Each structure stands twice: as C-alpha cells, then as structure tokens.
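As a starting point, one isolated chain is supplied in structure tokens, in the form predicted alone.
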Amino acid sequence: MADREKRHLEIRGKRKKQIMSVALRLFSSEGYGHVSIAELAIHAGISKGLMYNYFDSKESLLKAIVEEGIDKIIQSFDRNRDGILTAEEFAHFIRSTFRLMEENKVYWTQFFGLIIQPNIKEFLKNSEMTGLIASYFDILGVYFKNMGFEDPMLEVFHLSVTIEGFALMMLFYNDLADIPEALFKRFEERIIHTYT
C-alpha cells in the first residue's frame, strides 16, 4: 500500500509540475487575465474538471507558480536559515541566482514576463509574498550594516536593481547583442567583491 501511495504522489507531483509549466508559458505569452482554466486544461492535456483536482482556482495556480519561482531564488539565500547572512552565503546567493537564470533562460523569461503584468503586481502586493520579500530585504539590510555600509537600505536597493538589470541583460538582450559569457562572469565577481 505504501508503494502504491508513493507512486500516486509521484505521478500527481509530475502532473502538477506539468500544469504549472503550461500555465506559466500561457500566462506569460497570452496574459494572465486572458487565459481560462478551460484553455489551460486543453494545453495540459487534461479535462477542466481534473484541473480543479490539482488547483482549486486560477489564482491558486498563479500563487503556486510565483511561490515556486521565488523559492528557487530564496533557496540559496541564508542557506542555514538563521536570519544572518555571511559573506560566504552572500557570494553563494549571487552565484546561484545567476547560474539559475543562465541554466534555464526560457523559464526565467516566462517568469519575469508573468510577474511584471499589472494585475500580477497587484496580486503579489496583496499576498504573503510581500512578507517574504520584506524579510529578504531586512536580512540584506543587516548584512550591509554589518559590512560597514553607510546606508544599508540604499545598498539593498542598489543590489536588487543590479540583479534585476543583470537578469534583463542575460534573458532579454543577450541574444540581441551577443554579450560574451566571460563578461557576465566578471560582472558577477564584481558584485561579490563589492559586497563581501
């Protein structure tokens, strides 16, 4: 019985991931507000009724997608979860974040294409994601304060904009400008050197 349940959970988990992948692609290309549960079900190759077996609403599907993306980034931040960021953890976070984006450009292009949509920003503002992001900013602020920066929150802002700009360059402009990979690596090291 335990083996059967385990197999069922594995199959369910794979199907859930497939639905989320299809939804991310459609939400980012068509716009979240323009995609129906019925359309998602067709593209996922399941019935509309079965969709509700995995996600009780389009909003719960969106929440799962956004949480997964943020979690992929946050996993490498403060790895021991003690609320204190060390220089080694900071360097690991930067390298891991950039490697994540580099290794799966399609996923991150779709993810950023989704979260910048106006109705998604409003959804995020009213979700528990704001608390998670605020916690991330707080830990970075303490880190920069401990590193001796005069205005720690300015550095948090600067780092956030730098990471987002880097993502934009890597995901959107790199194919147009053919930026050498070595330049991305030097930039990554510059960020680490600046803040450790």
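Since the model is a prediction, treat every value here as computed from it, not as a measurement. Just count from 1 along the sequence shown to find any residue number.
Omitted here: the form predicted in complex with the DNA. The next part is about that form.
In the predicted complex, none of the heavy atoms of A167 sits within 4.5 Å of a heavy atom of the DNA. Proximity of V156 to the DNA in the predicted complex: non-hydrogen atoms within 4.5 Å are absent; the residue sits far from the partner. Proximity of V35 to the DNA in the predicted complex falls within the 4.5 Å heavy atom cutoff.
Contact between N53 and the DNA in the predicted complex is found at the 4.5 Å heavy atom cutoff. Per the 4.5 Å heavy atom criterion, the DNA in the predicted complex is contacted by stretch 35-43, the sole one of 157-165, 64-72, 35-43, 131-139. Although the DNA is not shown here, in the predicted complex the stretch 114-132 places no heavy atom of any residue within 4.5 Å of it.
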